[in-house]
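Quick heads-up: it's one chain on its own, the form predicted on its own, in structure tokens.
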Amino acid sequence: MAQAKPVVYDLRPHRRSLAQRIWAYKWTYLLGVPGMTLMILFNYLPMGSLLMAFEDYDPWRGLFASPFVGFKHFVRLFGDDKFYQMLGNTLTISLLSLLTFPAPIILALLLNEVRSSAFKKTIQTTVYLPHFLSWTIVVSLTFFLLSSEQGLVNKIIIAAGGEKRSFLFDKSIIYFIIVVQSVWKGVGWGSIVYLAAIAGIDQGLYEAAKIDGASKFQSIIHITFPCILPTVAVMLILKMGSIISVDFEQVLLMTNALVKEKLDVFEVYIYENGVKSGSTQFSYTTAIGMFKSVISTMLVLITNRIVSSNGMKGII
């Protein structure tokens, strides 16, 4: 009598073709079409213009017919007497701003401990509002406070028997003013991400800590902060991507003849050489932008590697 063959079940997942997988999730992909279209149009297609950095671009000849010059514009940039001054100014402003990176984290931790709903909403509205003000308004408020003739601070100093000071023309404190403006404008908005991360923490952890006799401060140090640390790491990586950049509008509006040496940065240099002067230095200004992009990418990759090597998940 012949033995029955054992039944073998194929437990491997059925391999569907790419077309079948796309069709199975067609509505999900359809929802992503507008966003992908915008990304392709405004993020990927413009990358083709980076070719201008390696040629003497002539608008009449077009991108692909202009003469190729290799690294000519990069050599000019690195040989420019102002290059190292601009690099130093940009890094100084960015690194000083980086020192204020914990500010939104601290604000989020403090707001999370506020128990009065009405008071919490009032504080949130107050600290979020500056984000929606343009830099023109922020600089105007700075002028109103620190102006030599009409500034509120100088009026208080004079009323107290002191001598007025030209804060906006003082090279020794201009960086401090720039950083304070940035913190005041961005700290409230930056705290939203951390408040969202805090809201996702399991409340059972706090209850267990309370039973064990932990204080509020101990709960923040040993529960809240470790739980939002992955979010902090991601935000730090993204922050490093802009370390070689400053806010163009802010710096431009704060620049005057006496502090120009301290506020001469790449963004203003590109504006003055590529727009304000009416020149057609498309290739040179593109080379400057490409240099900044390469440095920013390297900083993001390095920071991401450091974060990943410490057991946290980066963005790549």
Partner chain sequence: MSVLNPVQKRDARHLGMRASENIYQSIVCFILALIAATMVLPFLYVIVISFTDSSVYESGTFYMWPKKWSVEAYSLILRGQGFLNALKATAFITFVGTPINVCANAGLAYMLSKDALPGRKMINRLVMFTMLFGAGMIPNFINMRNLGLINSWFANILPSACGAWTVMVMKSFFSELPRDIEEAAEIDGCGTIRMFVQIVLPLSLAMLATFTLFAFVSYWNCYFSAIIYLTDSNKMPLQVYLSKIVLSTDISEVVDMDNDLKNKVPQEVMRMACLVVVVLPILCIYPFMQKYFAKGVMVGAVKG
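Numbering follows the first chain given and starts at 1. Take the two forms, superpose them, and find the largest set of C-alpha atoms that agree within 1.5 Å; that set is the rigid core. Everything quoted here is computed from the prediction, not taken from an experiment.
Unshown form predicted in complex with its partner chain; subsequent notes refer to it.
Using a 4.5 angstroms threshold between heavy atoms, Glu113 counts as touching its partner chain in the model of the complex. Of the heavy atoms in Lys210, some are within 4.5 Å of its partner chain in the model of the complex. Its partner chain is not drawn, but in the model of the complex it has no heavy atom within 4.5 Å of Tyr84. When contacts are judged by a 4.5 Å heavy atom cut-off, Lys155 counts as touching its partner chain in the model of the complex.
In the model of the complex, no residue of the candidate spot (Gly79, Ile228 and Leu236) has a heavy atom lying within 4.5 Å of its partner chain.
The partner is not drawn, yet in the model of the complex one stretch among 68 to 76, 171 to 179, 215 to 223, 87 to 95 has residues with heavy atoms inside 4.5 Å of its partner chain: 215 to 223. Interface residue among Leu107, Ile198, Val232, Ile243, judged by heavy atoms within 4.5 Å of its partner chain in the model of the complex: Leu107. Applying a 4.5 Å heavy atom cutoff to its partner chain in the model of the complex picks out no residue from 85 to 102. Superposition of the core reveals a Cα shift of 2 Å or more for Asn43 between this form and the one not shown. Relative to the superposed rigid core, Val259 undergoes a CA displacement smaller than 2 Å between this form and the one not shown.
Relative to the superposed core, Tyr29 undergoes a Cα shift of 2 Å or more between this form and the one not shown.
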